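For reference, the chain that follows is the form predicted alone, supplied as structure tokens.
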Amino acid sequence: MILQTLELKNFRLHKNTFIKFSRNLNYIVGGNGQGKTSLLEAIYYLCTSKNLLQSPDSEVVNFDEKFFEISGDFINGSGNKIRILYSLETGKKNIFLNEKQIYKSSEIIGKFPVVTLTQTDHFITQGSPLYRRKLIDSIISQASQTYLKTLMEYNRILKQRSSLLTKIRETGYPVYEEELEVWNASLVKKGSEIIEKRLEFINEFNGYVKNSYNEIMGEKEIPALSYKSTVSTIDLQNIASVFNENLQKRKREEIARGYNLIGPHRDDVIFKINGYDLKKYGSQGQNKTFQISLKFAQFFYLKDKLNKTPIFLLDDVFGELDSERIEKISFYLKKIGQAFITLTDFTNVENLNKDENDLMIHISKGEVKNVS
């Protein structure tokens, strides 16, 4: 999949920007606050309808303007044009695919697969389990609409069940406890499906991570992923029964706290290097390398599963790396195809494996100043 062009109107600093991209590597160069990351943000919008930086849509509109518009032309077997229009006055965001309006953002998830590598990705290896769950859920969801729907349904069940637990705690009515059993059955069914799919995914994804890690570090270290579940079993045959047993055991505790304590929404993914827990014992360099390896692994996994080449966005990732790793990652990017990489003016470009088919796009104050 190739993004040919990008057009922005009133998008952050970009009043009226049009860029035609290379099919290979596109280096977006500029100082801090000049609008280079906004280009990645806009591309992410096109692929997901959501904000890369998790900012409200209203904050993206250029000062003194009433709307923003993003348009992009993709080559994906056949041509596809995505246009997103947001109005500050109505607070509504409209999505158009080939000029036909789409009413659910879930309809485009996976249609334009995207992989991002940003400064905040250090939370994946060093932050709470939430970030690791979000990573694997986002990868599986792009590869499987069925999983995405199951995840959305599970989250709806969690919300309803949490409300019910609070009612039981506050009222003690037996009828609510009877209703809880019904929600338990739904929770176990959808939750077990999620756990099973995550276990299958991690078993397969391990190979992709090892390959990516070896490309950057050689075979000096062995990375691995494992799944840690609150259901406390890895036996695919018994997930549902053990899940239900745990719910019954902790029923009084859940009611007392008014919170869902058991299920995949509380699970974690453990990252290891040479058998040691990365979060506990890994160095900063190992954590950074693991984060980068995860994203390359995600790219190749989605490419294989969807038979599409994902869009790859890298935001200022070279700034914290030594020259050797910059060079290795730069060479590895050649296996990607098209990618979009932001660089500061101070990045040492001598270590980049740039050739005549790559573009250097210089951004200043929301305008394209030079393309070479």
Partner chain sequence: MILAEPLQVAIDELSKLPSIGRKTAQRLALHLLKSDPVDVENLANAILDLKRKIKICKRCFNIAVDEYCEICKSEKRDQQTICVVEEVSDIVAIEKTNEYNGLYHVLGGVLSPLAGTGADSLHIKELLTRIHEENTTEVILALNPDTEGEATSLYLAKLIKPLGVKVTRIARGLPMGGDLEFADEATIGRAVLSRIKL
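Given the structure is predicted, the values throughout are model-derived calculations rather than measurements. Residue numbers count along the first chain shown, from 1. Throughout, rigid core stands for the largest set of C-alpha atoms superposing within 1.5 Å between the two forms.
Although not depicted, the form predicted in complex with the partner chain is the subject of the following passage.
The partner chain in the model of the complex is not approached by N206, whose heavy atoms all lie more than 4.5 angstroms from it. In the model of the complex, at least one heavy atom of E153 sits within 4.5 Å of the partner chain. A residue is said to contact a partner when one of its heavy atoms sits within 4.5 Å of a partner heavy atom; I194 fails this definition for the partner chain in the model of the complex, lying far away. Contact annotation: R83 falls outside 4.5 Å of the partner chain in the model of the complex, judged by heavy atom distances. The putative spot formed by K228, K272 and K288 is not touched by the partner chain in the model of the complex; no residue has a non-hydrogen atom within 4.5 angstroms of it. None of 262 to 270, 292 to 300, 159 to 167, 110 to 118 except one has non-hydrogen atoms within 4.5 angstroms of the partner chain in the model of the complex; the exception is 159 to 167. In summary, among the residues A185, L97, A256, I222, the only one with a non-hydrogen atom within 4.5 Å of the partner chain in the model of the complex is A185. In terms of contact with the partner chain in the model of the complex, the residue from E200, E245, E181, E215 that brings a heavy atom within 4.5 Å is E181. Contacts between stretch 125 to 155 and the partner chain, counted in the model of the complex as any heavy atom lying within 4.5 Å, involve Q145, T146, K149, E153, listed in sequence order. Relative to the superposed rigid core, the position of the CA of Q291 differs between this form and the one not shown by less than 2 Å. After superposition on the rigid core, displacement of the C-alpha of L148 between this form and the one not shown amounts to 2 Å or more. After superposing the rigid core, the Cα of N244 is displaced by 2 Å or more between this form and the one not shown.
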